[in-house]
Structures are given as C-alpha cells and as structure tokens.
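A single chain comes next, written as structure tokens; it is the form predicted alone.
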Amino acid sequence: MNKINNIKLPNESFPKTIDILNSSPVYDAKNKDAKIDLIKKLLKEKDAKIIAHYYTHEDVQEVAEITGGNVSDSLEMAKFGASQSSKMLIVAGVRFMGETAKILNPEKKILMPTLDAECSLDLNCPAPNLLEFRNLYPDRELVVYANTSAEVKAMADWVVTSSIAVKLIEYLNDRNTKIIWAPDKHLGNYLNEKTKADMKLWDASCIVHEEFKASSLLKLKEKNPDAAILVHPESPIEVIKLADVVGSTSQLIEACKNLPNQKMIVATDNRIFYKMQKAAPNKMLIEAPTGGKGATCISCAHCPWMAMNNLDNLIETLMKEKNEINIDEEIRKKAFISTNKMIDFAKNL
C-alpha cells in the first residue's frame, strides 16, 4: 500500500463515536404503526419517495419498502433515485448518499432525516488533500469510491461502488491504466490482490469494517465450523482472506440466500440482518467479532451515523421539508460526469 506522504489527514476533526451517540436524540420506537401511517400520508402529500440503505434502522427500511421506496446498497440507491418521477426524495443514509441523489437528480428536492450523518471515509478524504495527492501522479486516472463528497467526485475520472469495483478495476487494468484509488485502503488492497492493477492507495478506512479482527473471527469459526463467512471488502485484508464470500451488501444478501450453509457469520454492519433474514428466514445469522470488548468497541458492527436515521426525524423532515441537500451547480455538473459513468458501466455488466 502506498501511504500518503506529507499530507495531513483530518483525524483530529473526526468526531469520536461516543460524541456522536451522546449528541443524537434517542429514538422512541413506540407508536411505530401510527408513525408509519403519518409517513405514508406525508409522502403522498409531498410526492416523495424514501431511499434507504441496508444499514439504517429496520423501521426505516420497513417504511421505505411498504411505501414504494427503495432499500438497497449505494449503487442501487443511486439508480432508483434517477428512475423516479417523484418531485422529492428522502435519502435515509449518510450525507454522501444524499449528495449522490442530488448529483443525479438536480431537478428534485433531496432531503435527509439528518445532515449530521457522515461517513468516516468521506470525512478522511477532503478534496484539497486528494487533489494534492493526485497531482503527484499526473499520469494516473483517479477512481473514487462512492463514499466521498461531491467535490471529490467532481475531480474524479470514475466513481465506483463495492458491487462493481472489481469489474471496473479489471476493465481499467486490461487497458493498462494506472490508477489512484481513494479513499478506502482495505477495499483498495482487496482490489489490488484481485486484479494486480497498478494502484496508488489513499489511506482511510471505515470505522465499522476496520474493527473486524481475523484472530477473533477464526475462534468464532472454530465454534461454528459449518458456518459460511460473509465479508464486506471494506474489512482488513486478513479478515477478507478468511471469507467464503466477499461482496457488497447486496451481494452478501444474495450469498446468504443461496449458500447451502445454515449458519452465516457476517462481517458488515449488523443492520443488514433485517434484509438478510427476510431473504433467508431459516438461516442463523451471527455477527462477526469486532476489536472491542464489552462496551469498549469503536463501532460494535453498526455505523453510528447510520443509526441517526429513524422514523422521528424522518417525519420531522417531511413535515418541515428540512435538511435539504444543495450542491454548487458547477461542482454538481462535474460530479455528474464521473457518477453517471458508474451508472452506465453497471448497466453493461
């Protein structure tokens, strides 16, 4: 891995998980049916659809499903939003997902339950720093993960999600393209191992997936020798090497459904269990172990920013039409080029 030299990452400004959780209102799951009924009414009045990520609370996923919205990975979220005629999209996830929706749908009003929902990869890949890094390698194409800001997407040659990352890097490598990859170093390492492409890697990681530990996973596997191990490629390479299946959230759900194993050890955000259990109701799902013990873990297999999305702030957003995503139009136009290339590339797979 080629780490950044003489470029300071903004780790000192990166909020600690405990601060995030302490500053977030506690979600009251009572009166769920009444809240869902109100959301249905508001969606109809506002001509809006909900787009939710697999990592959000199961109540949010449920209301998105039953109101004709979408629950999926970031690629399918982007594709769904671009295909809708609704005037308004409510993006339940983290900020870059709302920005992606706005990049692809400038004519629509894009709202989020909260604008405080960030992503460690996005936060640790600021556009000015990445531009400085890119300028060190002018002969390379810049490929950025979707977990980045609109400003980063605007300077990129390609945007990619985990579901198509291997295919895109193979495509570029077949054309002898030298690559700068940003921001997830673990996914970058995985892609490098799979494709042997010539890649310079940015040094950032997901706070959830980085906490999965190979040594603890091996011990869990010893206790469950008949279990299949499903791993998201944002995990450390030592964890990835233990996997029976490595893939995006959608790909892991499919693997859970199709593998013959009755037990699944799952190394990704544990809110994916909602859709996994629906896809494979007779299978046992086991969380892969994280690095912490007791209450000391950083992520405990759930993104603290994804946890900020709930029915309460979803209702408030719809009622007040607050938390709107706005992007400078020049930046949006540039970001559209690389993001739309991702959509087109995925269509041809």
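Predicted, not measured: the structure shown is a model, and the values here were computed from it. For every residue, the number given is its place in the sequence shown, counted from 1.
One more form of this protein exists, namely the form predicted together with a small molecule; it is left out here, but the text below deals with it.
Contact with the small molecule in the model of the complex, judged as any non-hydrogen atom within 4.5 angstroms, is confined among 129-137, 166-174, 218-226, 245-253 to 245-253. Remark: F212 does not count among the residues lining the small molecule in the model of the complex, judged by a heavy atom distance of 4.5 Å or less. Interface membership of E234, defined by any non-hydrogen atom within 4.5 Å of the small molecule in the model of the complex, is confirmed. Taking the partner from the other structure, the small molecule in the model of the complex has no heavy atom within 4.5 Å of any heavy atom of E151. A residue is said to contact a partner when one of its heavy atoms sits within 4.5 Å of a partner heavy atom; T100 fails this definition for the small molecule in the model of the complex, lying far away.
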